[in-house]
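Given as structure tokens, the chain that follows is alone and in the form predicted on its own.
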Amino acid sequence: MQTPYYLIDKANLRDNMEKIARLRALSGARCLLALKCFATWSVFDFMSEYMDGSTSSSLYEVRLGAEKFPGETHAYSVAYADHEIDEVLGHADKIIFNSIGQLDKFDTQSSGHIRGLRANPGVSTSEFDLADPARPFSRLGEHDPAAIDAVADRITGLMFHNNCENDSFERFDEMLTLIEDRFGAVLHKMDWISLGGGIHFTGADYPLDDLALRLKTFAERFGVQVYLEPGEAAITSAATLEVTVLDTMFNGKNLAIVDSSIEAHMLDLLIYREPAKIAPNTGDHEWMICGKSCLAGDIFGEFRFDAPLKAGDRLSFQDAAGYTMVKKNWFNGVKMPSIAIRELDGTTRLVRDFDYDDFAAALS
């Protein structure tokens, strides 16, 4: 298969799905796929066997979830536009407003629908200010419990999203306790609570049973249905980005240029200044892997290999499912990676290719 392409491995995806199914069974929580992280709908039927539905951040995401992912469809957006609210409501089982102002604005149109509101507890686990929903002057949700309580009769649920790549159950427990203490009065008035995503409970050695008990206890205390919105937790280690070395150079370091681009194909790594992952990343030969765009900093990282790299060598960047395919772009006109799936029987099939016509169609 011609590189570059994203390769989704269903066996690895199933490992995450089975942990999600176990958490659902033990805790009673419902799990919705966060489409902002992963929206490759060719595996939605497979994932829906283990999950309860999808949650979104825009009109197009909620429509995709309604059309492609069986189960519940939740709608959320930082702000809905006048021209899109009716279509959002037409696709959503629940709609979550980011502010009381938006709840007021669309009160008449959304009456008769199951409505919720995003609450911001003022703490998070994000190590990056760029992704921190609790950063100063945050626009993400309502902060004042009293203000939320004043509109409690117009909503049936709340959404908290303040975890980010949180692999610590203790930290999760600590923040949930803060939510209970600060928002307890209004929590008792709700029917459902979403605790968002960012909880890395499918990671190795995560105490899944402890999380399940904590969620179940929370649900019973406040008499609510708990929702989780896993993104990375659903698809961690489930895909690779397959690339080929096109050229090698030496300029104080060994350089290998591949037929991909970190800016175009793994943008989050560039934004957060993090390297890609290659396994096993051992050996005596160290190489800097570079993208083919004109951006000087189009660098995937520095890795170790057992032998010097040469043109034609194939490389696999690991953990390439989350925030990659949903953010890929046409910078420099670099060919967009195809999407392939490795089935449970080991066969691989191409599900989407991109060509010049797609590039031209994205422009005008």
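Numbering starts at 1 and runs along the sequence shown. Given the structure is predicted, the values throughout are model-derived calculations rather than measurements.
In what follows, reference is made to the form predicted together with another copy of the chain, a form of this protein that is not presented.
The contact residue chosen from 292, 94, 200, 214 relative to another copy of the chain in the predicted bound form is 292, the criterion being a non-hydrogen atom within 4.5 angstroms. Picking from 133-141, 227-235, 164-172, 186-194 the stretch near another copy of the chain in the predicted bound form, with a 4.5 Å limit on heavy atoms, gives 133-141. Of the heavy atoms in residue 14, none are within 4.5 Å of another copy of the chain in the predicted bound form.
Although the partner is absent here, residue 282 lies well away from another copy of the chain in the predicted bound form, with no heavy atom inside 4.5 Å.
When another copy of the chain is considered in the predicted bound form, residue 333 lines it closely, a heavy atom lying within 4.5 Å. Mapping the unseen interface onto this chain, residue 99 counts among the residues with a heavy atom inside 4.5 Å of another copy of the chain in the predicted bound form. Along 242-266, a non-hydrogen atom within 4.5 Å of another copy of the chain in the predicted bound form is carried by 246, 247, 249, 251, 252, 253, 255, 257, 263, in order along the sequence.
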